[in-house]
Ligand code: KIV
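Below, in structure tokens: the form predicted on its own, a single chain.
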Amino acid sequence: MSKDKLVIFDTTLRDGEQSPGASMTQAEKVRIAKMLEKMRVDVIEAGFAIASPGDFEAVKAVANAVKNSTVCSLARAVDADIDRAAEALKGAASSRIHTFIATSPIHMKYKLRMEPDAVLERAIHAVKRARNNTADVEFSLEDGSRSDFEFMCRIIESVIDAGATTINIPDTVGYGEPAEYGAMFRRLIETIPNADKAIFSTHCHNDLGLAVANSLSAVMNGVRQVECTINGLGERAGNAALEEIVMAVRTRKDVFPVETGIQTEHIVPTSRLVSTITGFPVQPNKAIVGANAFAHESGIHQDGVLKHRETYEIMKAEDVGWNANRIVLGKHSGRAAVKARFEELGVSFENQDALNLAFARFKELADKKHEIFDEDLHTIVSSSSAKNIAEKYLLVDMEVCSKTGQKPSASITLQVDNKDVIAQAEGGGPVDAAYKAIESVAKSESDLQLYSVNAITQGTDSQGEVTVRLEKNGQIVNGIGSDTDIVVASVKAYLMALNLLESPSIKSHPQRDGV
């Protein structure tokens, strides 16, 4: 029996970026978009074009770079938003405008301060205006899971008549329960006269840990598009995880009446890329992409897997990209081999200077550790792209002392606006001492919200990847640093964050409205 196509709509670059500190540069968005395209994601929501000049340029860059996926921009039901989205998407081979307005009583009353009839009129106008620019228009009923059923029927029927081709009913605040949420879709599809003229979509947040369950329940009740993100990234508790949706549908073919076109072997490499760029490590026990997802420690489990894999594994690790990209480079590897591997990972270089910088960093790292893995290459590219940031603070030299019975201390030489400055401090540990020394010079008055350490690969010579999140006057930035010396990595991350605070237009956390 033939199965329906389930459209995979990835919003990592838009909703995922709304995680505090997860903002991405234009170049980073294009890198992720190219990997999503390689994975054969159907729709890539590249951003919110009117949110800022940087967002506009990022949507435009993704639209120009991606040829095999539809590129989408979010827009409120406002003329200026829709026009800006259309302008950003001009270069796309296939484009979609995703417009939305809140429809729940609480949102209409307290946020919009609009009566339902006015909301309905605004929605119809927005869809018609979007259709003047593209034939592919998605309309979302923000806070749909808490909206009045009769009003939803009115507005959905009207916007489909106005030209909407996809209807998204998001669980904006993660309030939905699977049986209830799925039944809502079934009832809407059966009630609305022109429901067959549009694809119904789900967009679930994970506040109660039910985003994937709610999304799959919706699929079982007629939904044919799922909006999701890599690693479940997203504001608050995140969104439905793409990898979990896709593999649930693929693994339980006996249950789900749909299939996706996703090339699943690219899931793990894409997960690692997003993790590296955003600085959000993937927890070891995360489904599909966590380090322990296919690990077996229990003797009983090990024995069963050795005798017959299916005793304890319902998926093949290779099918989602585990081990498939385990090529090892070293200090004797040449420029051509390194460039070729970067290209296999979806990384291209704008010019020869960019390649030379990445290759120099590769050689520098190869002198410190014997084997270079794909994860190391991702960090090299991220570190190289950080060179595009105006660097007020540069690390010149550092000496730290940590000895039993003595208070740790650090002496750091920084280049500040092209002038060397030496700073010293003591702290609770070598990293604390180093940060206090830096702050004695920078006097940033920022708040350290997160300090996270993650081993990039296995082994005691692994690079440590450090993520530092700083907040100042409501602006949140992430700094990422990697090195085989964890203290050096920590200092690199802190200095990157400070430089980002000095360049807020390049990489600052967007405070936006959205579904």
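Model, not experiment: these values are computed from the prediction. Each residue number is its position in the shown sequence, starting from 1.
If you look for the form predicted in complex with the named molecule, you will not find it shown, but the lines that follow are about it.
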query	finding
Candidate stretches 366-374, 199-207, 257-265, 184-192, one within 4.5 Å of the named molecule in the predicted complex by heavy atom	199-207
4.5 angstroms heavy atom contact with the named molecule in the predicted complex for His98	yes
Partner contact for Thr166 in the predicted complex: the named molecule, 4.5 angstroms, heavy atom	no
Ser140 within 4.5 Å of the named molecule in the predicted complex, heavy atoms	yes
Interface membership of Leu74, the named molecule in the predicted complex, 4.5 Å heavy atom rule	yes
Listed residue that, although the named molecule is not shown, lies within 4.5 Å of it in the predicted complex (heavy atoms), from Thr229, Thr270, Thr172, Ser215	Thr172
Residues within stretch 5-19 having a non-hydrogen atom within 4.5 Å of the named molecule in the predicted complex	Arg14, Asp15
